[in-house]
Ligand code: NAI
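Single chain ahead, written as structure tokens, the form predicted on its own.
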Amino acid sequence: MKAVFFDIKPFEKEYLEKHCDFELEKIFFPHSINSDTKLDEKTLGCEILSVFITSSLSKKVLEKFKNLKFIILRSVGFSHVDLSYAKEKNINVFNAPHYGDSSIAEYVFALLLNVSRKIITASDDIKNQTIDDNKYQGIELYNKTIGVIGTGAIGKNVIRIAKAFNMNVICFDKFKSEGYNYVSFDDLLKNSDIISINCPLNAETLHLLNENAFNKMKKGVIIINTARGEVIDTYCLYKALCEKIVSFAAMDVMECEDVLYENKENKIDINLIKEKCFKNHYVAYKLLNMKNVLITPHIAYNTKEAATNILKITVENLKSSIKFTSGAKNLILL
């Protein structure tokens, strides 16, 4: 079988070359794939396609691969894949669950501690010799209430760390686990000092935090998002920040982030922007210039340990593809 890998870094290529000790022809590309990517016939003839979240596997992309049987994602999330088309064409999709549960949960608190103690502001000021102690007063996490939306593996790790800070933890999830303090969504919004978003993106969570939700929140709430940008309505967040409903927002993900992150030196390629993203793109740049907003470029997963875990799971999924059965581990049921 032939496998084509996009978004490949040198260490990933080295690992896959070394550990794929089975019959598999491999083609590696360092860049992402999207609808404008030029592809040769050899690449288009593959049976296996592996990508990271920076690629976009739309119908327009997938229909070019006439022999495609498997998609192997080097990520937990799969919102960048047209699953309906994959199902229609009997293309089996694997993801890489749990590779960065601890890494992402720890990053939630990296963001939270930065905004609650104004660390970046203080660091910038001392570098610029513009120190003003009146600017740096923060808040303790001790005894604050954190509302965790999504109690999967990452959410559970967020809860574990929050308890170590002696925080009060309340949770919301459609699927409940024993031993956690679940409340209604409205009660979570009403009572949380901090809200951490750790749920997947789907039809039910798209714009879960909308204008109605922000209006129910405790004034001065802190929002942390390391899940998917589309869980938050970007404009409604901006409005809530302006109205001081939200005191701080720290986000590792954004709506239409592929456009936001790819632009260099604020140069916007209009052809890259989907129609629905024009408004979000404009508002995102407004957010970037707000002092009470911290945005990072989708790096919560990015630790040495998580990177190694992704590759280990990818090799497992490649083996499962070659010896495929319908109950294969990490198979997304379409």
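From 1 onward, residues are counted along the sequence shown. Here the structure is a predicted model, which means the values were calculated and not measured.
What comes next is about the form predicted together with this ligand, which is not displayed.
**Q** Which one, 165-173, 113-121, 215-223, 80-88, holds residues whose non-hydrogen atoms are within 4.5 Å of this ligand in the model of the complex?
**A** The contacting stretch here is 165-173.
**Q** Is E140 close to this ligand in the model of the complex, meaning a heavy atom pair under 4.5 Å apart or at it?
**A** E140: no, not in contact with this ligand in the model of the complex.
**Q** Using a 4.5 angstroms cut-off on non-hydrogen atoms, would Y301 count as touching this ligand in the model of the complex?
**A** Contact with this ligand, yes.
**Q** May I ask you to state whether F94 is within 4.5 Å of this ligand in the model of the complex, using heavy atom distances?
**A** Although this ligand is absent here, F94 would stay clear of it in the model of the complex, with no heavy atoms inside 4.5 Å.
**Q** Although this ligand is absent from this view, report whether S192 comes within 4.5 Å of it in the model of the complex, heavy atoms only.
**A** So S192 does not count as contacting this ligand.
**Q** With this ligand left out of view, choose which of I159, I245, C199, C236 has a non-hydrogen atom within 4.5 angstroms of it in the model of the complex.
**A** Exactly one listed residue reaches within 4.5 Å, namely C199.
**Q** What residues, if any, in 150-187 have a non-hydrogen atom within 4.5 angstroms of this ligand in the model of the complex?
**A** Going through 150-187 in order - heavy atoms within 4.5 Å of this ligand in the model of the complex - the hits are G150, T151, G152, A153, I154, G155, F172, D173, K174, F175.
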